[in-house]
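Here we start with a single chain on its own, the form predicted on its own, put down as C-alpha cells.
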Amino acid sequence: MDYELVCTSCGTKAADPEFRCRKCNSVLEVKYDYSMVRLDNGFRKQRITHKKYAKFFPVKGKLFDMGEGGTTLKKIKLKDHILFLKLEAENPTGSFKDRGSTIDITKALELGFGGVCCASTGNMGLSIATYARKAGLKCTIFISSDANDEKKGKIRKAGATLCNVKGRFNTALLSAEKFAKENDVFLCGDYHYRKEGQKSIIMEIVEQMEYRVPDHLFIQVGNATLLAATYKALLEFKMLRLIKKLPRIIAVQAAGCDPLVRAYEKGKPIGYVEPRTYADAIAVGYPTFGFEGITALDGTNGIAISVKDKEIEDARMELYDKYGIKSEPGGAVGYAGFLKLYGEEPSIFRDKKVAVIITGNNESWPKSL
C-alpha cells in the first residue's frame, strides 16, 4: 500500500526515515491508502506466517524475514469458556519482538543505512541484534545498566555493541535517539515502523480462529506498542470486512510499573512511573504509545488492570504446570491478568472465547521471585 507519515499530535507530514515530528516531537503514524488493498480469493488459503501480511506493512520491496510468525494458537476447552494462548516464544529469538524487527531491518536496508541502533529492556535488543547481523548491518543497543544480565549476554553474543545507560528505559530511549542523529544510523525500536509489524499477531489469531475474534483479548503493556498495533490491525480487518466485530481488550501491567492503568483509571494523561517490577520486559515508566493504548481501550469497551509480581509468578507456574508453556515474567503478565479477573468475576467469561498473548521467553527456566 502507498502510505505517508503523519504526526499523531499536530498532523504535520513527515518523510522516511523520520521518527518524531519536526514541529512538536510527537511520535508518527503510518497512514495508508486503503483503496489500494487487494486481497484475492486465495488470501485466506495462504499459509499463516508473518510475511503473509506484507500488504499491511510500510515496505516497498521484499520483506526481510527470518521465518517469524505462524506461532501456535493453543486452544484449551475449559468448563465454562474456551481459552486461546498465542505462543510467541516460538519466534526466532524467543519473543514477539521479531515481528517488528522485520520492518525495522527492512526499512534500514531499503533506505541504504549501514547500521542500526535501539533502546531496549532486553528482548527487542536481542531481536534487533540478531536480525541486523543476519542483514549485515552494524548494531548498537542502549540498555539500562540494571537490566537483565542474561539478556545482555545474549545481545553481546549476537554481535551488537552494548551501551549501558545509567537510568531506566526512557533514559536509554533518549540516548538511542541522540546516537542515531549524530551517527547517521537507522533508529529501530518502539516507533511507527515497528508498530506496523506487530499487527500480525492479532491477524494470525483471527485467521487461526477461522475469522472470528475472541470475546476478550488480554495484552500485557510495556511501551503499549503491541496494544496500539493490535487495535489498528483489528480496525483494518474490520474495514476490509474480514471480521464483523472487535474483541474487548484488557490491558495488563505490573503493579510496580503501571502508568497506563493509572491514567485510564483517573481519566488523565499518562505520567511517568518509576519501574519497580521483576517483569523487566515491560518495565517502561512512560509508554511511547500509551495515548494510543487508551484509544484502543475506549474503542473496544476495554479496561486496564494491574497485577502484582507474585500474581505474575503464579501465572508463570500455572502456564508450565498445566500446559507445559515456559514464559518469562513479562510474557506471562497477560495471563496473570486473566487469572485475576476470572477469580474476581468468573461469570463474565461464561460461554466466551478468551485469548491471551504469551509474548516470549528469553530467560533461563525457572527464574522466580
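Not measured: the values here are computed from a predicted model. All residue numbers refer to positions in the sequence shown, first residue = 1.
Another form, the form predicted together with a small molecule, is not on view; read the next lines as being about it.
Asks: Within 4.5 Å of the small molecule in the predicted complex, counting heavy atoms only, one of 232 to 240, 199 to 207, 109 to 117, 279 to 287 shows up; tell me which.
Replies: Correct option: 279 to 287.
Asks: Test of understanding: in the predicted complex, would residue 258 fall inside 4.5 Å of the small molecule by heavy atoms?
Replies: Judged by the heavy-atom cut-off of 4.5 Å, residue 258 is well away from the small molecule in the predicted complex.
Asks: State yes or no: in the predicted complex, is some non-hydrogen atom of residue 139 no more than 4.5 angstroms from a non-hydrogen atom of the small molecule?
Replies: Output for residue 139 is no: heavy atoms all beyond 4.5 Å of the small molecule.
Asks: Given that the partner is absent here, does residue 226 sit within 4.5 Å of the small molecule in the predicted complex, heavy atoms only?
Replies: It does: once the small molecule is placed as it appears in the predicted complex, residue 226 has a heavy atom within 4.5 Å of it.
Asks: Please tell me whether any heavy atom belonging to residue 91 falls inside 4.5 Å of a heavy atom of the small molecule, as the geometry stands in the predicted complex.
Replies: No, residue 91 sits far enough from the small molecule in the predicted complex that none of its heavy atoms falls within 4.5 Å.
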